[in-house]
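Just the one chain here, laid out as structure tokens, in the form predicted alone.
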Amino acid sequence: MGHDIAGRLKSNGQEHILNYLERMNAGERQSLLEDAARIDLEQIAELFGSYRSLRGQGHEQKIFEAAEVLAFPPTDVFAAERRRLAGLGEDLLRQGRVAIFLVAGGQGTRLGYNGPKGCFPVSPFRRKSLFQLFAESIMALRSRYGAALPWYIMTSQENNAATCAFFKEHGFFGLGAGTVRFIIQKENPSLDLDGRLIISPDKKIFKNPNGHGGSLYAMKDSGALAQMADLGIDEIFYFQVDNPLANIADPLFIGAHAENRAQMSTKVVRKVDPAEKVGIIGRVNGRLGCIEYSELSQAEIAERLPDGRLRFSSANMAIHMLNRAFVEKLTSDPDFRLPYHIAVKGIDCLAPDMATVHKIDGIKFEMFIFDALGFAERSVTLEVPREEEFSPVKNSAGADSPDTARAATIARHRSWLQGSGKLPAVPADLVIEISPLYALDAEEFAEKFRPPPNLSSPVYIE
């Protein structure tokens, strides 16, 4: 086996790996050989060719257009249509035709947290983890609609063991181990700027997760799609782990998606600050997709419509509805592949002397889920209120940090309290946290809430 792999490495320009092998002990050598045997070296050469082509050609000329957006401003004019579409979504939930899919392959490194990002304590008072908040929402949904609503969680090689252990330690938050399934996403080797494989400090070939677009393939390869079909599931609610305000399996979103027989749909919030660095759902050369912030000119970023709104204002929340049959069709087509996005980032590399570690510029290849929008014949882009549904946790401080997410959670729950009409006034500095097990939305809260004799911070309602 070793000679065969050595030959493949040489013929694909990766003979430098042999120098590392010569300096390893028998166990390390065998591990690295097995690692190399699993890599599609021909595909790696093809991806590096793509990188060189892009570097040589510069940026492709693209024409950007705003997407058509479905929105329901909070006025009585739209109330009946909202109720009708939400009713369609509720019917699908009650019939058990919806699955929930969470992308949770990341670590909490940027948050200063040692562990999977989903384990990060984020709620304002009880410091519940992201996973716990989502689990409580799913438990409440199951209770409300009397349906199984299976939960699929895509992890990575890096954090799968820790994620599984966290769920076991917390008794799967009462959901039942059999109703939560973990799927490990695949990885791609990273390359140095000369197209060579990188050896990591642990003497393995350095790899990075293949991006959230890899979730489509993970659903198929893991057997999750087949399991969904057996369970009678037609629609998949997709979201990512860093948004504690995510409105999971929102009936309005499900209903709008189903009403239009959409294959893939997206939630967006309105971008109000031109400086906000966020992807925009729009059309790229006529095809629906996500326009990266860096792709827009300064004039396009600042351009406004006659009513004052930004022209490119549909900020991507990374929340989608996916029709199961659509995912099956894409992933069973041998000619289909989401495009790889290429990024050059610093990577810790083991030097050939096996004694030192240094940081080099490396090429990472990832697929993005929003590129599948371009293959959908029918799609809905639903605009929702940012203050209700979007406050991502990406940075340790400043914008999109735990502090801003906690402040957004408190503000949302204060608005629920004020909107209930059961208190004359809500103190502006009131710290309040409402468990999803008590209420999933303002309407449910208003129906259940009975004011206590005294209301002082902090308030926790469950």
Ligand code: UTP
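In case it trips you up, residue 1 is the first one in the sequence shown, and so on. As the structure is a prediction and not an experimental result, all values here were calculated from the model.
The same protein also has a form predicted in complex with uridine 5'-triphosphate (UTP), omitted here; what follows describes it.
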- Message: Among the candidate stretches 224-232, 241-249, 188-196, 336-344, which one is within 4.5 Å of uridine 5'-triphosphate (UTP) in the predicted bound form when only heavy atoms are counted?
- Response: 241-249
- Task: With uridine 5'-triphosphate (UTP) left out of view, choose which of Asp371, Glu383, Glu388, Glu366 has a non-hydrogen atom within 4.5 angstroms of it in the predicted bound form.
- Result: Glu366
- Message: Using a 4.5 Å heavy atom cut-off, which residue among Pro150, Gly289, Pro209, Gly89 comes into contact with uridine 5'-triphosphate (UTP) in the predicted bound form?
- Response: Pro209
- Item | Partner proximity in the predicted bound form: Gln157 to uridine 5'-triphosphate (UTP), non-hydrogen atom cutoff 4.5 Å | no
- Task: Verify the contact flag for Gly279: yes if a non-hydrogen atom of it lies within 4.5 Å of a non-hydrogen atom of uridine 5'-triphosphate (UTP) in the predicted bound form, no if not.
- Result: no
- Item | Arg82 within 4.5 Å of uridine 5'-triphosphate (UTP) in the predicted bound form, heavy atoms | no
- Gln107 within 4.5 Å of uridine 5'-triphosphate (UTP) in the predicted bound form, heavy atoms: yes
- Check, residue by residue, if Arg23, Leu33 and Lys204 all come within 4.5 Å of uridine 5'-triphosphate (UTP) in the predicted bound form, counting heavy atoms only. no
- Query: Taking uridine 5'-triphosphate (UTP) in the predicted bound form, which residues of 247-264 have any heavy atom within 4.5 Å of it?
  - Reply: none
- Query: Are Arg127 and Gln107 closer or farther apart at their Cα atoms in the predicted bound form than shown, with the shift being 3 Å or more?
  - Reply: farther
